[in-house]
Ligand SMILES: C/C=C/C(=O)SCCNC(=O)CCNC(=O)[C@H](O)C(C)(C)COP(=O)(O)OP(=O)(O)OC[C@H]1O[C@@H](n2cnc3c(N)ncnc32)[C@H](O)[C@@H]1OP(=O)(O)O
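Only one chain is given next, in C-alpha cells, and it is the form predicted on its own.
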C-alpha cells in the first residue's frame, strides 16, 4: 500500500489519511492508491465504514499540484482528469458509509474528494473552494455535478463561477457539510458517526445507500419505489436479515456478517 494514502483499520472502520505534506496534494500515485485501497476495502467483509482525512492540522487536501499542468500537455491532462474522476467515483461507490473529516483547507480536488463521501464533518478552521477557473481549469472530478446537488445551483455558481471560498460555518449553512466541530475534533466526530453506522446491518446499509444515490439519476418516484421494494425483498437472501430480526426478538445485539 502506498504511503501517500495511509490505511488504519479500527475494528469495522477503515481510516484513510491523505499523506502528501505540506498540502496533501493529489498525484497520479496517490489517486491510484486511493482506488486500490477502496477496492480492497470493498472486498473486506469486516469493514463497514470508511473515514477520510488529511495528514496534519492545516490541510485536508489542496487538490492537484498545478505544476502537473504547467506545460499544457494534453495527454497528461487527459490522464490526470481520468484518474481524478475514476478515483473519486470509486470512493463514491464504496459499499459502506464514507465520512470525510475535513481538518483544514479542502480546495479543488480536495473538496471533490470530500464531496465523494457520504457525510462531511468540518473543523471550525476549515476553508472550502473550487477555484479551478481562476487558473484556467475547471473541476473535473465531480465538482460541477456534486456541488449543485448538495448546495443548490446558486451557491454552486458562486463557488465555481465566482471562485468564492466558504468557511466552515457557511458550508454548514448551505448544506455542504453536515456538522462543524472544534479544531482537532474532526476525526473524533467522524469516528463517532462511523461507529453508529457499524451498528446498522451492512447488508441493509449498502442497499439503502444505493437507493439514496439513485435519487440523483432523475428516476421517477414510481421507479424509486419499485427499486425500494425489490431491494427489500433481496435482503431476505442475506444472513444479516435473519440475524437482525432474530437478535431484536431475542433482545441481544446483532452480530453482522456482511453477507
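Numbering follows the first chain given and starts at 1. Remember, predicted model here, so these are calculated numbers, not experimental data.
As for the form predicted together with the ligand, it is not shown, yet the points below apply to it.
In the model of the complex, the ligand stays beyond 4.5 Å of every heavy atom belonging to residue 39. Put simply, residue 84 is close to the ligand in the model of the complex: some heavy atom of it is within 4.5 Å. In the model of the complex, the ligand stays beyond 4.5 Å of every heavy atom belonging to residue 186. The ligand in the model of the complex is approached by residue 22, whose closest heavy atom lies within 4.5 angstroms of it.
Figure note: of the listed segments 65-73, 44-52, 224-232, 192-200, the one touching the ligand in the model of the complex, with heavy atoms no more than 4.5 Å away, is 65-73. Proximity to the ligand in the model of the complex, defined as a heavy atom within 4.5 Å, singles out one entry of 119, 140, 174, 77, which is 140.
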